[in-house]
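Read the single chain below, which is given as structure tokens and is the form predicted on its own.
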Amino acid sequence: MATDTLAINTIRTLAPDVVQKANSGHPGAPMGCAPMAHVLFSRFISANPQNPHWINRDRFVLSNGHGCVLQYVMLHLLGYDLSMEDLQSFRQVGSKTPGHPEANHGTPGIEVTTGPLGQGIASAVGLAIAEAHLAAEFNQPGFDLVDNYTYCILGDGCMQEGVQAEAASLAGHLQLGKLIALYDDNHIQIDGDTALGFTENVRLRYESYGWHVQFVENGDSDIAALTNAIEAAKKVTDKPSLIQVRTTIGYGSKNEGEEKVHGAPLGEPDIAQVKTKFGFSPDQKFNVPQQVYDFYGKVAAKGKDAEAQWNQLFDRYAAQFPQLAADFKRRLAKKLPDNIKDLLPTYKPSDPPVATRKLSETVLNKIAPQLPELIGGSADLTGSNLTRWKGAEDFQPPSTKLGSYKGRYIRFGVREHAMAAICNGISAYGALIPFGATFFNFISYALGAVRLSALSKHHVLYIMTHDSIGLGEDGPTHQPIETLACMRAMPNILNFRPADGNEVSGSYLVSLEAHDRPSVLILTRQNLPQLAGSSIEAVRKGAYVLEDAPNPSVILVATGSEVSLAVDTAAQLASENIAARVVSMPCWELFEEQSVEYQQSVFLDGVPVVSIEAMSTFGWQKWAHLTCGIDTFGASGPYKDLYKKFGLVPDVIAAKAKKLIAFYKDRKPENKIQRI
């Protein structure tokens, strides 16, 4: 049996064994995609299994992540730190082979988390953007330091997702010639044949996006056609490439070509006949012929040699371009410039009121020229988000004369979901810190990808402006109410709602330092005063005492634009001889990470707490005995009128605070900090 055929048949027999042992999984896609994967990894992908983090490796993304057994099998055969025992632990708690590929969770060779369909191809666009930008920034004549391809396999389900369409459209515009996608066109999804609801001409759609498109009729066995198509794609340098590959899902199974093989084990009798059909012993499980291990071992050795040659190239590069080399190494190590904190502006109470989105713009203008790894843009709201710093160059194909690949400002267009997924890919590449911006309400469009930012520990900044009813006349369609509660419910993400300039600077500082989780900066449209008692460093604690009073009768805790409202309310209470402490809480998540002792120093035992936030009150019961917020949709009108309408004014809140004090006059408020 020829080595290519033996290797492909090994994948097709090993994959159903892995799924069968777990009694869970998707055998069909690995069996149908085996030839594609074999051709990619054996002939094209340059990577070193002994160092999965080599920066100039080719990237591979399995967008139809339910077929992850395919990727795990390939990683095992190539000699990554993924043993046969790991394959046999597929979908088990704590294993390196979870039910869908998870980046940054202990599985070497997984570039980005996939599984939610469409996310992989969108993140692959981000990987390709990162490669194009870093190549333009660091490569010098004779020194192609950054020079790799991004390969992606995606399926019919991915092709139906909106995030895929958004990202593919942008990729075509950006002429990302080193992005090559192979479309597993097997005509099957969970409900049955794609004829039920997906009959568009995908090739024509991608051609209209500006992609180079090819078709391979027999993806089940035509190795030469697959090889030739990928070679042809690599020759097209000014367009991303889509290769539509007609395959048979579950190839070899008695139910091949049917939805039955998509998401359930084949069963032992079917697996036995598959093995017999492909020349394997039906009684042997998890069988990999030594010839196949030897073949892929030679492939891995080529990858190791490629890295060794690159390391020599980098040494010569460093000798000739020491400053560029030092910056490249700093960024790969995720080390910020030493002076980053010194660049951040500080404010005094005598400084004029300014919207926090405008204060964010000031920060960006200060840090972006000194932080070359910062790259990103807005979803067609640049003039509102205020995210383009002075002197910024757009990331654009040079042929458009609108910018260059050296540019760091990305025009994402009205593509919020793709923006977030692309940022995940940029972060996953390394040496870059991406950001995406839109109105806070529209982060809801992007949540599928934002969730993967958090799950995958990607360092992404989400700059969200127009954060509340304070945006005014645009009304409830644009005013976030439940949005912040939703974001706070998400694990491993920092949500900052700064109250003034110092807190904006502090929020950026902590966000830039948080290498293993994304951050959301939630900013106002309306002007806010600079507050006495705020500071950059105070943000690190998540919440702190902004304004104190001896023996307070009540604590007023607020975020963002409502902190100054809390200060005004405390002043009104003081005029009635009622002492109030004011707590600013720019980041719940950071405060939750503080010691109980610190938390109790902020929220004093025995003192009732009132929360003030122009959002849903959902979740505030964790900290407060009385919540002041908005549990309906907003309304259209001038923002000051809206604050009055919803009772977010000092006299109304002061009256509620007095009622709370009276309620607890003869009883002790429950301690919200001491929890079992």
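The numbering used is simple: start at 1 and walk along the sequence shown. Here the structure is a predicted model, which is why all the values come from computation and not from measurement.
One more form of this protein should be noted, the form predicted together with another copy of the chain, which is absent from this view; the next part is about it.
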Option touching another copy of the chain, based on a heavy atom within 4.5 Å in the model of the complex, out of 224, 532, 489, 84: 489
Answer key: of 160, 287, 362, 572, within 4.5 Å of another copy of the chain in the model of the complex (heavy atoms) is 160
Residues in which of 137 to 145, 453 to 461, 291 to 299, 365 to 373 have heavy atoms within 4.5 Å of another copy of the chain in the model of the complex? 453 to 461
Since the partner isn't included here, can you check whether another copy of the chain sits close to all of 79, 343 and 398 in the model of the complex (heavy atom within 4.5 Å for each)? no
Although the partner isn't part of this model, could you tell me whether residue 667 comes within 4.5 Å of another copy of the chain in the model of the complex, counting any heavy atom of the residue? yes
Even though the partner isn't displayed, in the model of the complex is residue 382 close enough to another copy of the chain, meaning a heavy atom within 4.5 Å? yes
Residue 444: touches another copy of the chain in the model of the complex, heavy atom cutoff 4.5 angstroms: yes
Heavy atom to heavy atom, is residue 606 within 4.5 Å of another copy of the chain in the model of the complex? no
Out of 590 to 628, which residues reach within 4.5 Å of another copy of the chain in the model of the complex, heavy atoms considered? 616, 618, 619, 621, 622, 625, 626
